[in-house]
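Below, in structure tokens: the form predicted alone, a single chain.
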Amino acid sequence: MLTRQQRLLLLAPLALVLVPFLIWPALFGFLASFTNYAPAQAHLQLVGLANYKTVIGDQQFRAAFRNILVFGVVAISAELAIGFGIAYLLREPFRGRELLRVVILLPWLVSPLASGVMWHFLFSSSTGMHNFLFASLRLPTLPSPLGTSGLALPATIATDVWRKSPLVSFLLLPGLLALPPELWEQATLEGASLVSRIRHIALPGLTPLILTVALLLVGDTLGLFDSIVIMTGGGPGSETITPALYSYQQAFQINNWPVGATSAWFIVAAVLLVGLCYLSLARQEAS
């Protein structure tokens, strides 16, 4: 049995990483959200909740949260459905299954920045894959969907689904494989349909895991920034701006550091709220 001092000693390396690189920057940003702080600011003053009122009243910020809400609902639903479908198809053993699992995971292994650059060129009006097909058929070329109003957000959602669905399948497959084989055999003997098997066997056993994966996807989506800034820069207009991109623009492009730090804490609040909802659902599932 380890003593309290020994347990604290074991946590020391973790604290050496978390305190200077996570806890202190987060705490500093939170305190800065109540001031007029900026790197070149000569006089630091407390402004109370003025920065929060500014952020809430900004149309761009409201558009960012509206976009991320639509993005999250559509993308995460599609990622869970497609990922579950891939995992279900990989449930039965066959030759080359392990290699296929690695190959399918390749989109996730591509960094978001590299993915953004790749899709920026694939959607380009001059080098895009859609216009390559149109040109081969001698049809007029179309503008890039990333710069077209009404198409930019669906295009970025599609790229996110392409990248994250394989990860979902990778995470859900062990849960499917852990389900008792006799349940599948009984369903086969009873002639249960595919929908019935998924509804009565797979989903009940995978619900806690699906909730966990959904939480990871929500957290990642709320912090979506790098691929969006490469593909669209938040445009056209504000159709693809996200809260993380808004925070970056305020802090580093407009040089409004207090508003940038404040808007970042709205993202933190959203992540905490989702986490509390997850804990509540997990407790209900366990009881």
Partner chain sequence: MDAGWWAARRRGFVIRTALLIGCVAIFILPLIWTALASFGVVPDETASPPAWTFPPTTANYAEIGIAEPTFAQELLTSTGLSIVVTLLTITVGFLAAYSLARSGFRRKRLVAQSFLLLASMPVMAYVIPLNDTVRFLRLHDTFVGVALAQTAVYAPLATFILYGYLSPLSLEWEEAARLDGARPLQVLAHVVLPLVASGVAAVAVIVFVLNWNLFLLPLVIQTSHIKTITVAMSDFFTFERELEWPTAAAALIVSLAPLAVLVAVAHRVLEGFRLGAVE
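Every value quoted in this text rests on a predicted model; they were computed, and no experiment measured them. Each form is matched to the other, and the largest set of C-alpha atoms that superpose within 1.5 Å is called the rigid core. Residue numbers count along the first chain shown, from 1.
Although not depicted, the form predicted in complex with its partner chain is the subject of the following passage.
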Non-hydrogen atom within 4.5 Å of its partner chain in the predicted complex for each of 55, 61 and 146: no
Residue among 203, 73, 142, 103 with a heavy atom within 4.5 Å of its partner chain in the predicted complex: 103
Close approach of residue 184 to its partner chain in the predicted complex, 4.5 Å, heavy atom: no
Its partner chain contact at residue 212 in the predicted complex, heavy atom, 4.5 Å: yes
Residue 67 within 4.5 Å of its partner chain in the predicted complex, heavy atoms: no
Heavy atom of residue 248 within 4.5 Å of its partner chain in the predicted complex: yes
Stretch 7 to 31 - residues with a heavy atom within 4.5 Å of its partner chain in the predicted complex: 7, 10, 11, 13, 14, 17, 18, 20, 21, 22, 24, 25, 26, 28, 29
Per-residue C-alpha change between the shown form and the other one, residue 279, threshold 2 Å, rigid core fit: no
Residue 269: Cα shift of 2 Å or greater between the shown form and the other one (core-aligned): no
Rigid core fit then residue 29 CA moved by 2 Å or more between the shown form and the other one: yes
